[in-house]
Ligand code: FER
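A single chain, nothing else alongside it, follows as structure tokens in the form predicted alone.
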Amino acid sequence: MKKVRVALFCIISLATCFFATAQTEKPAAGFDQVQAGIPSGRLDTIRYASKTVGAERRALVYTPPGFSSEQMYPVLYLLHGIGGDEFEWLNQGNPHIILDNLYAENKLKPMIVVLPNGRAMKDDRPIGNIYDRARVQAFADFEKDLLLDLIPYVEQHYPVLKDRSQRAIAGLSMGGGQSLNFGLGNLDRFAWVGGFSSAPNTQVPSVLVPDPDRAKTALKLLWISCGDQDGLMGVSERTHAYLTEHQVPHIFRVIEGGHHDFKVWKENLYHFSQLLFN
């Protein structure tokens, strides 16, 4: 098993908060590889009109094995990093395979997963200087595109539950920062939030969670994780420290020996997804 530090808050009640050091099971070998003889979900490419950007934009949508248009589903919006696009998770993280395998083990609540391009600009390809000011700003601008353009499209074209308690957001690196910023900044829209190795675009804690009491009651799950060998560890640590000080329920998971890569992010998706919508 891989040893990780996990800080769990308010598991028993909002008044009873504690730290715990625990062994978290490492995913079984092959958790991110195709397994023979199990049902598979479906991946679709969608194109939606973005008034925010003034252009048609693209996203991927994963529907679970056994998907039925007669059933209503919660939704996870899963975001990529600064050097990626809507295909980054798919090409390097095998999210559809990880989820297929978890469904085969009856470990997941059926959900739809949307993988958007988090760079809200007309030319949203990860080319040229990805750290250019306009391209970095486009990641912040995606908040409006997500809330006003993409989510309404998904809710119009898929059988999804529209209550905030049925909507989650998570991401890696730059997408982790987006997820914390957008999720915690829009608690009327999201009840489940995850930041995997969140980048410096993450707001400072006092801006991220200006009203800890509201966060305590609104959040179903706040997940923060990073590898202890990741140069961005300080971003997660400062957020964790603030949440701890203000007794905001959250899970803080430090992966020992973890770097800023998909080995960490795939394990995060594996564990985070199993907690969603329960």
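Every value quoted in this text rests on a predicted model; they were computed, and no experiment measured them. The first residue of the shown sequence is 1; numbering continues from there.
There is another form of this protein, the form predicted in complex with this ligand, and it is not shown here; the text below is about that form.
This chain lacks the partner; the member of Ile82, Val154, Met111, Met121 within 4.5 angstroms of this ligand in the predicted bound form by a non-hydrogen atom is Ile82. Site annotation in the predicted bound form: the residue of Ile97, Leu90, Val136, Val160 reaching within 4.5 Å of this ligand with a heavy atom is Val136. Stretch-level contact check against this ligand in the predicted bound form with heavy atoms at 4.5 Å: of 144 to 152, 187 to 195, 172 to 180, 68 to 76, the positive one is 172 to 180.
Using a 4.5 Å cutoff between non-hydrogen atoms, Gly128 does not count as a contact of this ligand in the predicted bound form. Remark: Lys266 does not count among the residues lining this ligand in the predicted bound form, judged by a heavy atom distance of 4.5 Å or less. Contact annotation for Ala199: at least one heavy atom lies within 4.5 Å of this ligand in the predicted bound form.
Residue contact check for Met233: none of its heavy atoms lie within 4.5 Å of this ligand in the predicted bound form.
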